[in-house]
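Next up: a single chain in structure tokens, the form predicted alone.
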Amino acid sequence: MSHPTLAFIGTGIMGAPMVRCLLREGFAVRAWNRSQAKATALAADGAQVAGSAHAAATGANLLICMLSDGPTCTEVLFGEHGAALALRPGALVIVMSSIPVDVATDHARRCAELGLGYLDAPVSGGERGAREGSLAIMVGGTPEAFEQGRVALAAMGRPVLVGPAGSGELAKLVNQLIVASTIATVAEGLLLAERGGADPAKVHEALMGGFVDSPIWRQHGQRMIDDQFTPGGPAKWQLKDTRTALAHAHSLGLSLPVGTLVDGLFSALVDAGDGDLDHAALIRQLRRHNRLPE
């Protein structure tokens, strides 16, 4: 089965392993990244490395964007020499970054004006999920656009169409609020075990298989026990997402007290200089809060 020509914009911590999943499934991928070396590293896996986002997208049937935030996606897609302007008529743009809901709906409108399809398809599962092709992919857009992008999305994980454009980003905000709150609770629990005189590693083992068990308990709990915070998901991006979620909740007239408290903890973590560490490093902030050694 032949696949459409695919441009992939943004080959960082998440993007690079996602590209490798697409290559394994037989896609011809033209990759571009603002830090060129990150894209060049994919040449050995079979990717073509483009000199610009516009060059990567030229004549492509499908463009996937995995950049850091909404303004960056907007500029790369629609700015001067924007990548969306170089696509084939009828091509599909899939933004897999975590961006505000209103930015996603604006992207959908702009793509429609250019005769392009659009999906917002943020992901959950971290670097490990990206490597394994097992990401949870929350998709907003039309059923027709979803069918157009389904095979590519399925190469990277499990895509589910959750509603019209913007709905994927809304689902990701739900995900990020729950992830952030769970990380905070796991950190508090392990800190309590440690200070109470139990072996946190044994408590971690004992609670597996019960109601507490989850990927966050297993993966991030282990990171906290090992003090290993090389980022899969940097804390500064977790803060970006909780801020976005709370702003969207406010626009709907909602107050989310737990999310607000957790957002404050991540804000303090980033302000303390730990923004580039994995979001599991929140336990460091709880130690600082309790005047304990980090």
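Numbering starts at 1 and runs along the sequence shown. What you are looking at is a predicted structure, and each value in this text was computed from that prediction instead of being measured.
In what follows, reference is made to the form predicted in complex with another copy of the chain, a form of this protein that is not presented.
Just one listed stretch, out of 90 to 98, 207 to 215, 110 to 118, 148 to 156, contacts another copy of the chain in the predicted bound form at the 4.5 Å heavy atom level, and that stretch is 207 to 215.
Contact with another copy of the chain in the predicted bound form holds for all three of V162, D199 and S255, each having a heavy atom within 4.5 Å. Contact with another copy of the chain in the predicted bound form, defined as a heavy atom within 4.5 Å, holds for exactly one of V76, A130, M224, M138, namely M138. Proximity of T142 to another copy of the chain in the predicted bound form: non-hydrogen atoms within 4.5 Å are absent; the residue sits far from the partner. At a distance threshold of 4.5 angstroms between non-hydrogen atoms, L192 is in contact with another copy of the chain in the predicted bound form. Shown alone here, A83 lies farther than 4.5 Å from another copy of the chain in the predicted bound form, counting heavy atoms only. Using a 4.5 Å cutoff between non-hydrogen atoms, L286 counts as a contact of another copy of the chain in the predicted bound form. Looking at 172 to 200, the residues that come within 4.5 Å of another copy of the chain in the predicted bound form, counting any heavy atom, are V174, N175, L177, I178, V179, S181, T182, A184, T185, V186, E188, G189, L191, L192, A193, R195, G196, G197, A198, D199.
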